[in-house]
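Here you get one chain, nothing else, as structure tokens; it is the form predicted on its own.
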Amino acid sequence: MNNPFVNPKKKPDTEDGVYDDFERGLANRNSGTLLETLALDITPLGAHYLLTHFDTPIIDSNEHQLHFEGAFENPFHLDMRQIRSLPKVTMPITLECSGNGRTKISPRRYSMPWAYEAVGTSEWTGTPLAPLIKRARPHSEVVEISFTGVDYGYDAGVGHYFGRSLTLNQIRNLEVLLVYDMNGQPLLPQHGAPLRIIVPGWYGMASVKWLKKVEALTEPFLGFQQTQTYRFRQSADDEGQPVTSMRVKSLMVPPGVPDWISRNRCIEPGKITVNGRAWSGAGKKITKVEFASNGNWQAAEILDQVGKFAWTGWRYQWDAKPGKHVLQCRASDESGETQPITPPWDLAGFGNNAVQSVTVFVKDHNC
């Protein structure tokens, strides 16, 4: 048997619709949201999507400390009691995994087989990170701040703690939070308890969980999860561009009732309300949502945005006539970006914001 720790193999080629035991294991360990919960402004605590690279650390919050170290003039550490005593902010923020939609790209990347469900919106409670960075006083030579979690494992034969970095300007402009509560409850172990960061508007890989160290760096961060993955690449030898803010996207609550295996839908004929959510990165507002039945695009009604960095509701009154239909939705944001019909190509399947398609059968007598 191949030893992945000393002789990692290249990820195998894939066949669309065929998954091996390792990929099925990833799908069993991680979980997507329930699309029917898109009807809610806030994703219920147990329904928020989950992606964990390595094992979930079980940490005693009474013993946990966060260390500010590296090129700071005033390095310090805080325990959870001290962190919870700092000024408190609660923000609804939408998080999406950058691999969401990977299975819809052909040929797809050998990895976690996400379809549409790796997204959710929670009310995150914590304290702004920028004042703590200011308190630590970065040296003038500092170019980035890195964030390191307790979780350790191997990827491509490289052992490492999960870590990411941001620039000082990004920390300020993105309103990064040091978070300890989720939907009014202490973080669950799988969501980063007792402490994580949330980077509003960016894909979820930036929001490091089980946070233990904040380090000021005078050289760019070279951690595995920063330089070896989470980059848009066209080929294996392409250095690529970093994955950062979320692309404009929308999803609908699949209408009607499902078939157990295919998840195709059965619907009664007549007027029905189709609803869903739309979002974009970096706080960009949704300006338009369209709904289509069999490629006939019509404007949907845009509802209130849940928060500056959270999704926006939408709905459409559809006249469902007997037969088979393919329903789709697409959103546009204030920068003029619109979801594409065809998935954008990326070697790892990152950032797929192509339109969602739902197959429905409207009854005549039977579906």
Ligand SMILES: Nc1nc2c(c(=O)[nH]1)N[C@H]1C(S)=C(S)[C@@H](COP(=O)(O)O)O[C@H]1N2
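Numbers follow the displayed sequence, beginning with 1. These numbers come from a predicted model, not from an experiment.
What follows is about the form predicted in complex with this ligand, which we do not show.
- Among 90, 82, 190, 170, the residue placing a heavy atom within 4.5 Å of this ligand in the predicted complex is 190.
- With the partner omitted here, the residue from 53, 325, 64, 315 that has a non-hydrogen atom within 4.5 angstroms of this ligand in the predicted complex is 53.
- Stretch 207-215 is the answer when you ask which of 207-215, 67-75, 283-291, 255-263 has residues with heavy atoms within 4.5 Å of this ligand in the predicted complex.
- Taking the partner from elsewhere, residue 149 is found to have a heavy atom lying within 4.5 Å of this ligand in the predicted complex.
- Among residues of the shown chain, residue 162 is one whose heavy atoms approach this ligand to within 4.5 Å in the predicted complex.
- The shortest heavy atom separation between residue 129 and this ligand in the predicted complex exceeds 4.5 Å.
- The closest heavy atom approach of residue 177 to this ligand in the predicted complex falls outside 4.5 Å.
- Contacts between stretch 230-252 and this ligand, counted in the predicted complex as any heavy atom lying within 4.5 Å, involve 230 alone.
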